[in-house]
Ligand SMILES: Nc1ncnc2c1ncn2[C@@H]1O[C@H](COP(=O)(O)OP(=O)(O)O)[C@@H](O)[C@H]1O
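Read the single chain below, which is given as structure tokens and is the form predicted alone.
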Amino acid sequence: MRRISVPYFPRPLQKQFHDRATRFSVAVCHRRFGKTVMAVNELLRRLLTNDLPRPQGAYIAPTYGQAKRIAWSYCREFSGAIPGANFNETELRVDLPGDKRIWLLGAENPDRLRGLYLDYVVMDEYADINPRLFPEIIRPALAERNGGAFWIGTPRGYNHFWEMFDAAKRSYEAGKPDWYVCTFKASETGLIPDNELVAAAQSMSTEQYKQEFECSFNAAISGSYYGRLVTDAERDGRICVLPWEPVRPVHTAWDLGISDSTAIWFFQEADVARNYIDYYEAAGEGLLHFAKGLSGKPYVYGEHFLPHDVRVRELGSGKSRMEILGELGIRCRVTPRLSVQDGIEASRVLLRTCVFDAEKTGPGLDALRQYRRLFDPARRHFSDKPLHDWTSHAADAFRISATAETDIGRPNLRKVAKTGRTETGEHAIVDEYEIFD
């Protein structure tokens, strides 16, 4: 067998990982550990030593842009020493001798990754990746050829990365040979000088420092809008087994996507609180798909609440999505047109009292926990605008529900004006609202 060398000289802890890594490995790493370099070389090693016909591997980042910015140069650097390696920068693809191939991919739209077969996959910054990606798409892609996976990242609270870490830890401690887990904290690795850690701690919040350098899942998610409120709901027992009540109507609140995901919350008005009993999200599907999904559930529906853009007419059909949904048997109610910030405040008020079914709304709750402000690296502070990522769809749909008036009403939203002009300047009756506690 021909020996292939790459210009990679792992640090002792990186070498420890390579020596111990198994089919499924999870590594929680502090900032500046060198996790992406380690991951790219583990992926390269797995592909070069794979004897199956035409093996394929993938490095997946939260976005395609991140994959290119973070890992592409490393792929070129370490694969460039291999005779016969070719690089397709347009597709972010590395072709290796022996019909071996590495893809760099983004996780913005998980459904676009369907159809791949994979022998090994790296998921970098897994806490920021849509939690649907692995169980629905990547795991089946690994099954046929007994492929493996490597999850890496820094914590973002108790989300799906923590769940993967916790499951891997329990499997590893139980002696299951397919699993390996490790944690690399800055206070223990010695890779960053003490004076640099002190300076970092002084320039960051305690929560940020614990999260980024000490790999703490306990630290609150920096810039999160709803993280503490969801934690409070869990502490208060408001995230629980929550049977739906057949005698009460079930209302829905939607965030409509075209190329993005469409998200729907299902809720009932109880005597003392609003109960969120279900959640559904899918990408790349037409309105018929969601209409069939609703009809397939056992609920008796009340109102279907949608944002104002449901009235926008599509160029192809000349119909609005409101009209199309009406033809499919879904009569829409358009919610008050609030600013995003006012809608967020309405959501915060609602989150203090509402109740969730832990299992059925789990994916939506994960998104609410992580929905956060956009960070401005130049000014080193969070802006007043939300980050648009996989969490946005669930959060936007929840915001629609927070401004939805059912027959029981909403206690934190009141109308303060009833005149105005539309965005095009046409005179119209325009309802304005304010949030109160």
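As the structure is a computational prediction, the values presented were derived from the model and not from experiment. Numbers follow the displayed sequence, beginning with 1.
What comes next is about the form predicted in complex with the named molecule, which does not appear here.
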query	finding
Contact test in the predicted bound form: Arg32 vs the named molecule, heavy atoms, 4.5 Å	yes
Contact of Leu387 with the named molecule in the predicted bound form (heavy atom, 4.5 Å)	no
4.5 angstroms heavy atom contact with the named molecule in the predicted bound form for Gln66	no
is_contact(Thr406, the named molecule) in the predicted bound form, heavy atom dist at most 4.5 Å	no
Partner-facing stretch of 32-40, 365-373, 393-401, 45-53, counted where any non-hydrogen atom is within 4.5 angstroms of the named molecule in the predicted bound form	32-40
Position in contact with the named molecule when the complex is considered in the predicted bound form, options Phe87, Tyr74, Tyr158, Tyr299, heavy atoms within 4.5 Å	Tyr74
